[in-house]
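As structure tokens, one chain now follows by itself in the form predicted alone.
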Amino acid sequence: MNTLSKVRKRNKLESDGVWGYLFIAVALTTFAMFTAYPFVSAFIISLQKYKPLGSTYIGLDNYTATLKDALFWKSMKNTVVYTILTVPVNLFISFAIAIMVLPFSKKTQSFFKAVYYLPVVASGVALSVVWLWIFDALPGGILNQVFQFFGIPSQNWLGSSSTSMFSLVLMSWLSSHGTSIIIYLAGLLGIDETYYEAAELDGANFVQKVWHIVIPSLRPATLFLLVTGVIGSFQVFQNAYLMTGGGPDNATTMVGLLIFNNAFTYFEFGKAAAQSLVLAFVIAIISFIQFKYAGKNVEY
């Protein structure tokens, strides 16, 4: 290789390196502006009795008040119950729908993908209005009409502490699963056909193929959906805010809604910042446990 070729190769490598650093800089800048800075600001505010003018440093008092706050623990309990009731069922529903859509042609699969993904891009407020109509306490509400058909009296779905949480859970079960279905379908389409052929030669039935081939092959997708689903459920806010406002008697007050109320209703920004960091710590611990125990034998 002559000297000119060596110089050109070195210049190309240096040029590629510059472009690499530029792309990394964009990602780092975005992370610093929208993740690191808000996190550090929340931590600083959590140590203050925050006021727009003249904040006072109070140390860990906001954290102490949070841990002694009965409403915080009730909202945490509500959030855990909501997560336990929604995430596994939503995963199963998405998996089942993906299995049912898989045998269709590519064109039909695309149709079902569009249908199931449509609620994801729809406005959450519009969807909540529809669900408010479904859960209407009057006899004209859709769900009450169904119950009346079977001779069951009308229920105050969102206004009763015994049914309000179930109503939010039911809304989650029957709402958008578009993203999960598409991820599961992509995973199903990536499974080697020879696995099914070998299973059929061995006389495996549909359930055995699902159990021994499909579920193990989709383990990475399931782990991803499980982790993101739990994080999303712990951060749930919109449904509780729009459907019940946290009531009745705080039966549907989630942690996200409690933080919002403390910050923008009672203007206790320091306490809200402390509660948000406690929530972030809880989510980090749960995510770590999920990766440690559910992430075994998963290749990334």
Partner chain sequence: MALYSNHTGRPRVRFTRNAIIFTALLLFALATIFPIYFMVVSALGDPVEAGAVSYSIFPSKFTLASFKFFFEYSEYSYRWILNSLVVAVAVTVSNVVFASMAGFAFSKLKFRGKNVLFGILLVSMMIPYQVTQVPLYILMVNIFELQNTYRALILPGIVTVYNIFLAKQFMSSIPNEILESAKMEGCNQFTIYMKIILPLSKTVLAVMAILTFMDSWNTFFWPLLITNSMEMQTIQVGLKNFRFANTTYIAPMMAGAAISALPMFILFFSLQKYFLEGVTVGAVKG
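Numbering follows the first chain given and starts at 1. The shown structure was predicted, so the numbers you read here are calculated from the model rather than taken from an experiment.
A second form of this protein, the form predicted in complex with the partner chain, is not displayed here; the remarks below concern that form.
Shown alone here, I289 lies farther than 4.5 Å from the partner chain in the predicted complex, counting heavy atoms only. In the predicted complex, the partner chain sits within 4.5 Å of a heavy atom of T30.
Using a 4.5 Å cutoff between non-hydrogen atoms, Q238 counts as a contact of the partner chain in the predicted complex. Within this chain, A65 is remote from the site of the partner chain in the predicted complex, having no heavy atom within 4.5 Å. Listed stretches are 116-124, 159-167, 80-88, 67-75; the contact stretch with the partner chain in the predicted complex is 116-124, by a heavy atom cutoff of 4.5 Å. Contacts between 138-171 and the partner chain, taken as any heavy atom within 4.5 Å in the predicted complex, involve L138, G140, G141, I142, Q145.
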